[in-house]
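In structure tokens, the next block holds one chain alone, the form predicted on its own.
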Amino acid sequence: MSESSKAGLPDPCAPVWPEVTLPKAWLDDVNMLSRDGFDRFWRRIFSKKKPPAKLPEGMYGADCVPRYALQDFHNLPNGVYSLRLSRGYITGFDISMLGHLERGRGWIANSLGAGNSFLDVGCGGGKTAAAIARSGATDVWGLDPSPYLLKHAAADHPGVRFIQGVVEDLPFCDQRFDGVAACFLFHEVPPRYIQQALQEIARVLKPGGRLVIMEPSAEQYYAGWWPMVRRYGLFGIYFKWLAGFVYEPFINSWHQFDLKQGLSQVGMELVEDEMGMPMRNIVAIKST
């Protein structure tokens, strides 16, 4: 859909997710109590070769899932297209980040500023969108390509509307939102789509609206072991190991992307870019 055709686009209809039946993936039929099943599962996690996820036949919204989103991000077998693993992923991701994600979501909600209409792109299990809703906003949307994650998100956070989609082709009209949040999304977008995603975000933002981004810090990927130990102790060792273990095929391209220039090209100004550890916190404002 071209940009001009979205000027008067009505809001998409959010599915009634409790009524959406999702089929099993191959992983859901693996007997984890058997030796073969156990071996198959763990070989997939630790394998350096990551074949794309196989979408279950008849899966709701299969045509909404781009090829790049079929990656085994974070070493999750079959990506996030599994009844068995999608719930555990939502919980396990927070645990693996040792509480930093929960605090970061509060920072995102506060940094979005005034307004009532907000969009969380790459919402996953919906926790960031829910944090925004708890701040008092009543028009909050979450968008993600995985119907498995969205089904959980809708069950956990009924005050948010969740729809399937991708950040580089947002199904909303121009100037729809006061703010857009992106938590751990951009490093999972191929470099050829990042500028397109920024263009789409700028399009749906109102003048003066904010884009708030939280991403993994580059420090844990590129700093040496000894500097990480000296600066952060055991936490530095842990996050350095975690960065090397999880599968992130586009992480280097994201860290090399000139975000200030990319934002400028779509009429946005970078006003905050703090490289902490393990988070990088970013705020940009659309020109009025």
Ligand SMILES: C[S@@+](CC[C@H](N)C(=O)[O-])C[C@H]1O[C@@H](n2cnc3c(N)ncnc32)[C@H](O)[C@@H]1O
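One rule holds for the numbers: they count along the sequence shown, beginning at 1. Just so it is clear, the structure is predicted and the values come from calculations on it, not from any experiment.
The next section is about a form of this same protein that is not shown, the form predicted in complex with the named molecule.
Partner proximity in the predicted bound form, defined as non-hydrogen atoms within 4.5 angstroms of the named molecule, places exactly one of 203 to 211, 111 to 119, 134 to 142, 73 to 81 at the interface: 73 to 81. Interface residue remark: E168 is counted as part of the site for the named molecule in the predicted bound form, having a heavy atom within 4.5 Å. Using a 4.5 angstroms threshold between heavy atoms, Y68 counts as touching the named molecule in the predicted bound form. Taking the partner from elsewhere, L185 is found to have a heavy atom lying within 4.5 Å of the named molecule in the predicted bound form. Although the partner is absent here, F93 sits close enough that one of its heavy atoms falls within 4.5 Å of the named molecule in the predicted bound form.
The putative spot formed by Y89, G124 and T128 is fully lined by the named molecule in the predicted bound form; each residue has a non-hydrogen atom within 4.5 angstroms of it. Residue in contact with the named molecule in the predicted bound form (any heavy atom within 4.5 Å), chosen from V180, A153, L198, V189: V189.
Contact annotation for 20 to 52: no residue has a non-hydrogen atom within 4.5 angstroms of the named molecule in the predicted bound form.
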